[in-house]
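This document starts with two versions of one protein chain, written out as structure tokens and named structure 1 and structure 2.
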Structure 1
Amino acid sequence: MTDLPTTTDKKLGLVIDLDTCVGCHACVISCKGWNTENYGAPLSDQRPYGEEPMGTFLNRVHSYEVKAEGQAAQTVHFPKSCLHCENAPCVTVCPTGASYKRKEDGIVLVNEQSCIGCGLCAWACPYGARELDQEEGVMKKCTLCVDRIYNENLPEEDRQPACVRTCPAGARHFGDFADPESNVSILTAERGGMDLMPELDTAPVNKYLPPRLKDSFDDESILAPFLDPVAEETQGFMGWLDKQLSRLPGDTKTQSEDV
């Protein structure tokens, strides 16, 4: 088993804005590309063009239709990856010590040389954020692109996770939650950033910004003036055409009037 550090010098993580995410999956593709070509073992795919295709991904996006009482239904796109929990159960359950949390920045990683692919960490993770790479036989997870964020050979603007750098909607933000003046700390405070499943006491570092409720289609809606009919009866050429079409055989309204 692996012990967790009592404290970490930094708390690097992500803020994901559910109000801004458009579900384009650019973060999924960029994550797959970067982590297949660089850090650790490649993220393999099985039968990508055959029946029942499978593959290993460190980031996925799920979409849901939700409706609050008195509000219009809306679609929420929910990106999901490792949350780099402070009380990470995936670390403490690992029998070989392959899973560990770094004291210097709080990132949870897997030592692939020590991983035996037993799957206990995936069983312990309540968020489904770990996947077994079937080709490599090791557990894979989000690394916050640790090979990018400290790489001084990259331009400074590229020293952030691939998913953050790629997001076209600006829905993903990266920073240090231990710094109250960081961009992620300010966003969390101003927008009411939430923990995912806080009742589990895993203390996830990553935060989600809740989606704003959309306007309902009622009298108080700002869209109401645009939803009123322009005219009660069709007039002009369209009015004449409507009357002619109503006289065609098979029109139940005309038939009933004739009777």
Structure 2
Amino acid sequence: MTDLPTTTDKKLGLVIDLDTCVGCHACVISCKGWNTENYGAPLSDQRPYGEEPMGTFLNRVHSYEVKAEGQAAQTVHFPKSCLHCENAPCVTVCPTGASYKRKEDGIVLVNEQSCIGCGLCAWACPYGARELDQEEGVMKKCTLCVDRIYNENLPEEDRQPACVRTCPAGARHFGDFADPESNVSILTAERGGMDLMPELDTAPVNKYLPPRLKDSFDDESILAPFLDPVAEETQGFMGWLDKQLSRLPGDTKTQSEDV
């Protein structure tokens, strides 16, 4: 039923590290490629070579600037796909049962055979994680690569989402949040993983790791002692050099006339 399962055995999802995402869009296109060829209908493109091309994507990377008073602005690249919310409002609004959250792993999916393309689930999703495919008339969303992560035709190490496998910067991590020992749980705990729009009580499974604090060199330097001068000009420098060298093994003479 489009009732949400009260609990799921696993809570599979992604951790996205905003500290390392360079905004390369690799995850966007590998997702497009995998999901065009796999789960459900292909992700179509309208006017692909025309004026105003427009297609379906399950993952998109935004770019933001964050500016605090008196500091340089920071650029943050911000990938966003379905967060597989525990209180997924997109699921409960669905009139057909096409949208559902899997009991076994918490993945939120759309059963395309049942979807009438009413769009209501996209209205209910705060994050813009669902897109109605314009060719197929069905709702598309991140499947967490459900057809990869358990796929026995793939080698073990490849049983992870396409976007995670491809991310060059290693900014995407996949795992089970229900397991406190999992890579994703540990990262979340260590780095203060965040929910997006927590005020909406959607309880997203995916977490975002905040960027580390930056631009500390703009403050007064604690590094000054490393630059205590040994000399101000050439002569002094050469004198210092001479002294340094005489400490090296085997020194005798540093100047000579003719040979």
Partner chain sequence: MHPAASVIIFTTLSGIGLGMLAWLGIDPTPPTGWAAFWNFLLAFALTVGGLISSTFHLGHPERALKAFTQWRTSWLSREGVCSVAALSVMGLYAAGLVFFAKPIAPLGYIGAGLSLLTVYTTSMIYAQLATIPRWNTPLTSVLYLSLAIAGGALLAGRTGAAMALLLVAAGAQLIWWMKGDTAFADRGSDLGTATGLGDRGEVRSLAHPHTSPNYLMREFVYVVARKHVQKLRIIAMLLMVALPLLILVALPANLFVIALAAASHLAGVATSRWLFFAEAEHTVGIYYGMR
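Rigid core: the largest C-alpha set superposing within 1.5 Å between the two forms. Note that the structure is predicted; figures quoted are calculated from it, not measured. Residue indices: 1-based, along structure 1.
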Query raised in the report: Where is the form predicted together with the partner chain shown, in structure 1 or in structure 2?
Result: 2
Requested in this report: Would you say whether Asp242 is displaced between structure 1 and structure 2, judging by a C-alpha shift of 2 Å or more on the superposed rigid core?
Outcome: yes
